[in-house]
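The same protein chain appears twice below, in two forms, each given on its own as structure tokens and labelled structure 1 and structure 2.
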Structure 1
Amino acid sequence: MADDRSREGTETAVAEFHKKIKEAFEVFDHESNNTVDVREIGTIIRSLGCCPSEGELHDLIAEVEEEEPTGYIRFEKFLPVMTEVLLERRYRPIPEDILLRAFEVLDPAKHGFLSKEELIKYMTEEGEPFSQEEMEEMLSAAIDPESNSVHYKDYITMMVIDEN
């Protein structure tokens, strides 16, 4: 009995995931032919609430690409892979406190802020570096123009509020 119900529950969950994935996919399917440009896959996956790193994203793309990459990803290949990702709750987003701690690590002297240069250095030289466009975009929201620095606690709070 319980098994039946839980199976039914999973089936409904899967059906709902399918619809959600389809919705997200369709918004980027400009030609309405069930394909999206591979360069938009990252955006689609992230819009579904997952936060893969760039490396993880590349692996995912490899899974959904054609054997001979065409530059387009077909929905038929994307759907099962993405459904698994959602069911397994993979690539969970970063909680706010971890994010704060990350900034604090980069600010060992505990100033409460990072200078513009410091932020640029870390974001474009460490980890999975930002492109110039990504860097500029982040700065436009994060920089306090008067002090030319990023008060990261305020920045995080602002971003989190906006999300909700």
Structure 2
Amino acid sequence: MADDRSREGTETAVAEFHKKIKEAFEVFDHESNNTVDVREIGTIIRSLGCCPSEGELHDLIAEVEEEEPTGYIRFEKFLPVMTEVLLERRYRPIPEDILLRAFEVLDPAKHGFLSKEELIKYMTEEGEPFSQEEMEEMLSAAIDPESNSVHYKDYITMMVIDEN
């Protein structure tokens, strides 16, 4: 009895995932032929609440690409792989408390903000550097224009995906 209920729950979840995956895929299927440009796969995956690293994204693309890559991904190959990713809850976003601790490490005086200059320095000189385009995109969302700084608690709240 419990197994039947569990199976029904899984089947319901799979049906919901299939619907979400199809809707996300169709946004980028401009020719309505069940294919999307391989360069759109990251956007589709992220729109489904997943946050893979660039390496993980490349691995996923390799898994759904044709043996002879065409530059396009077929829905029939994408659907089972993405369904498995969602069922296994892979590539979950980083929790809010961990993001906060990361920003606090960069703010030893505990001001609650970083200047634009500090943020640019950290994001371009430390770890895996951001590209100019990534930096501009982040700054446009993160910087408070009045203070020219990032109030990181507000920024984290804006960035975090609500899973409820």
Partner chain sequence: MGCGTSSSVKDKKSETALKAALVIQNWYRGRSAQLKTRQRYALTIFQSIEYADEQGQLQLSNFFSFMLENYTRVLEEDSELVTHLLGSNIQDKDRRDYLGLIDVPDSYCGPRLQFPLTFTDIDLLIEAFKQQQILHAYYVLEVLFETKKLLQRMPNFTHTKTSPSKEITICGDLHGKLDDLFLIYSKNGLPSVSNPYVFNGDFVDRGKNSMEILMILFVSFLVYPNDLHLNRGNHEDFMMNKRYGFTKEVLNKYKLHGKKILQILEDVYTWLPIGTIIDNEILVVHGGISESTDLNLLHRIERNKFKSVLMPPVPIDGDRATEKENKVGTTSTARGIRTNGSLSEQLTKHEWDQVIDILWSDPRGKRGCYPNTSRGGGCYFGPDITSRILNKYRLKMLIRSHECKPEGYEICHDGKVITVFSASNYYEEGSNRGAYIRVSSGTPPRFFQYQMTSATCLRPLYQRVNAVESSAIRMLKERMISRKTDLIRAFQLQDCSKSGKLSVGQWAFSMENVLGLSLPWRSLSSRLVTTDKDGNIDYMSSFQDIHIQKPVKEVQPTLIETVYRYRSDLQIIFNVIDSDHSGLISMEEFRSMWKLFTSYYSVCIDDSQLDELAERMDLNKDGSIDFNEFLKAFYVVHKFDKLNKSDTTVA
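Structure 1's sequence is the ruler for residue numbers, which start at 1. What you see is a predicted model; the values in this text were computed from it and never measured. Heads up, when I say rigid core I mean the largest set of C-alphas that superpose within 1.5 Å between the two forms.
Here, the chain labelled structure 2 is taken from the form predicted on its own. A two-part rigid-body description fits the chain between the two structures; in it the smaller part is rotated by 20 degrees against the larger. Taking the core as the fixed frame between the two structures, we note the C-alpha of residue 119 moving 3.2 angstrom.
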